[in-house]
Structure formats: structure tokens, C-alpha cells
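Presented as C-alpha cells, the chain that follows is alone, the form predicted alone.
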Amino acid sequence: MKLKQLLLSSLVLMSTTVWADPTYRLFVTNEKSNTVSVIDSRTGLVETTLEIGKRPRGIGLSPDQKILYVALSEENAIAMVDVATLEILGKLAAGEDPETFDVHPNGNLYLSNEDDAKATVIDPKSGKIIHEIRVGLEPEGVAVSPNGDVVLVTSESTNMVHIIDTTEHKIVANLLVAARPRGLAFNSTGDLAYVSSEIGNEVAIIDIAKREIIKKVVIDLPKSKPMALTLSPDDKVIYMTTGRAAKVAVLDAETLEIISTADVGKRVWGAVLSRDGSKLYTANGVSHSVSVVDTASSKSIMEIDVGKFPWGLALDD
């Protein structure tokens, strides 16, 4: 069946100057329930659950915070949701098995197609795929630099991070990292990026201008499988989920040394940090829950039941 593309130009049109008032909603993809849990981040209460589509994983917001995007791996699509009304606006064709994505400052989506070994660029205003870039095998992580000049994509089976120039949409560097790279994150200036390697149990720092890895550290935690990465607002701390270790590792962003850890749910995958950096939210796959971590104390202060196998999170605050 051909994908229906309901594109409401007044809603999907991106703006970098006009921001919607925050709803303080935390959105969580539930991979095995085919749903998105909508949580009031101020109270921790589940507001509603959206029937979104088959195998939702990657999730993110438009630059103006008005549209929520959800990658539907088994529908080869990106669902669009109005953040204020929670109306499902339609779906964008996204190529084979869209895994994760990031949103460019201009509103375009850069996503990984795991089965096709490529990265795809979608213009959500037109609903069209505008570029396809061949990358390594099983691409997963995607991160757009703050100024939008480059995009990073991890290839799990090739053990590489690909640096893609967004002007020409060509790979300008391929960096070999430890086995099965997953998570990516830029610092606020975009001169450094961080990559986690699940099987290699390693985190590395990339100098974007030099296009080289300048530091790497093996994570000294039992059962650690590094996954999602997010940086504190001051760029001094990295929060990293660790999969089977059921912990968030708090790392010094310069030395990559472990400062502290926070116990969370089982098989912790995705993570998102509040805008002020005071709370970290994690998706605990096997616990079917979301943990709320107080970053000042590195302690989980709440656990919220969601759907089956939560995977990704996005926060409108």
C-alpha cells in the first residue's frame, strides 16, 4: 500500500525564530507495543498513549518544537505528530528500515536505513527524499552538528563513524572505532563529538575539524554495553546509558573518566536530558519503564511504567 502523506503546510513549515510554548511532554517510543507514551514531565504521570505504527524506535522534534517525528522501522516511514494537539498528521516515506534520525536546523531529517546501508535526507515540507548517501553496514546512530555543517552516522557492522558534509552530501571521512558503534553526540559548539561502541565497551572523542579521534576510553563497569550519549548544558559531563549494566554512567567530558553512576531499569537504551540539565530520562527496555534521574545527586528519583520495550525519548521543555 502506498504511504499516505498528509502534509499540512501550516503545521509542518519549520521556523527557527518562532517557538511554540513548551508542553513539558516527554514522548517515549515503545518498540513492541507499537505506541508512543506521552508523559507529563512535571508530574511523571502518563497523559495518554498514541497508537503510532509498527516498531517505533528513533524519535525527535522539529526545530520549532511543534512536530514530533517517530521512525517506524517496519513501515519504512516517519510518523508526524502535532505536539500540542497530539494529532497524528501523517507519515513520510523513509526508505528501508529507518532506525534513528536527527533533525537539521533547517528542518530536514537525516536518518539511517539499517537494511540498505545508507543515510537518507527527507524534506518534511515536501515529503520527498532529497538525498541518499551510501554508508557502512547496519547504520544506526545519527547526529547533526549544531550549525548543520556536518552529519555523523555510525555503521555497526563496519565499526565506523562517517562524517558527511551537508553541502555536497558526501562522506568526507571514515573513522574506525571499537566494535558496534551506536550513540553519537556533539558538544554545544560542534567542534567535538562523542561516539559509544556497544560491543567494544568504549567511548571516543572526535575532533571534527581534524576529522580524527583524539581520545578513547574503555568503560570500567560490569556488563556495560555503551548506548545513548547526551551532554550537560555546560559541555562538562556526558551521560551515557549502558544497556545490560542497568546504569547511567556519568563521565567527565574531557577525560572520559567515570564520575558517578545512577542505577536505572534493565536494558537501558535511549536517554534525554531536560533543557536545564537537572533531570535525565532513560528508556529501560526490559523493565518497560522510564527512569527519572536527578543529575545533582546521580540518583533515580522515579520510575514510570510505559509500553513494551521502550527505546527512544524526546522532551518538549
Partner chain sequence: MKLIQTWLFALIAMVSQGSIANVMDVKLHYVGPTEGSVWLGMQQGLDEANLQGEFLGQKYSLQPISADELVELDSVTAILLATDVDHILSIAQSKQFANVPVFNMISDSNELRTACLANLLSITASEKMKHDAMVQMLNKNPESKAHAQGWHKDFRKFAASQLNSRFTKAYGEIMDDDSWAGWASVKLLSDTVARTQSMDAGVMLKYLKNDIAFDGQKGAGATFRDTGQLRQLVLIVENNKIVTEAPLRGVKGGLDSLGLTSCK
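Residue numbers count along the first chain shown, from 1. For clarity, every value in this text was computed on a predicted model and none was experimentally measured.
Missing here is the form predicted together with the partner chain; even so, the following discussion is about that form.
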Using a 4.5 Å cut on heavy atoms, which of 158, 230, 73, 166 is close to the partner chain in the predicted bound form?
158
Which listed residue (179, 129, 218, 88) meets the criterion of a heavy atom within 4.5 Å of the partner chain in the predicted bound form?
179
Specify the contacting stretch among 187 to 195, 235 to 243, 112 to 120, 207 to 215, defined as having any heavy atom within 4.5 Å of the partner chain in the predicted bound form.
112 to 120
Although the partner chain is absent from this view, report whether residue 81 comes within 4.5 Å of it in the predicted bound form, heavy atoms only.
no
Partner contact for residue 247 in the predicted bound form: the partner chain, 4.5 angstroms, heavy atom:
no
Taking any heavy atom pair closer than or equal to 4.5 Å as contact, tell me whether residue 174 reaches the partner chain in the predicted bound form.
yes
Within a 4.5 Å heavy atom cut-off, is residue 136 in contact with the partner chain in the predicted bound form?
yes
Non-hydrogen atom within 4.5 angstroms of the partner chain in the predicted bound form for each of 96, 162 and 225
yes
Within 303 to 317, which residues have a heavy atom closer than or equal to 4.5 Å from the partner chain in the predicted bound form?
none
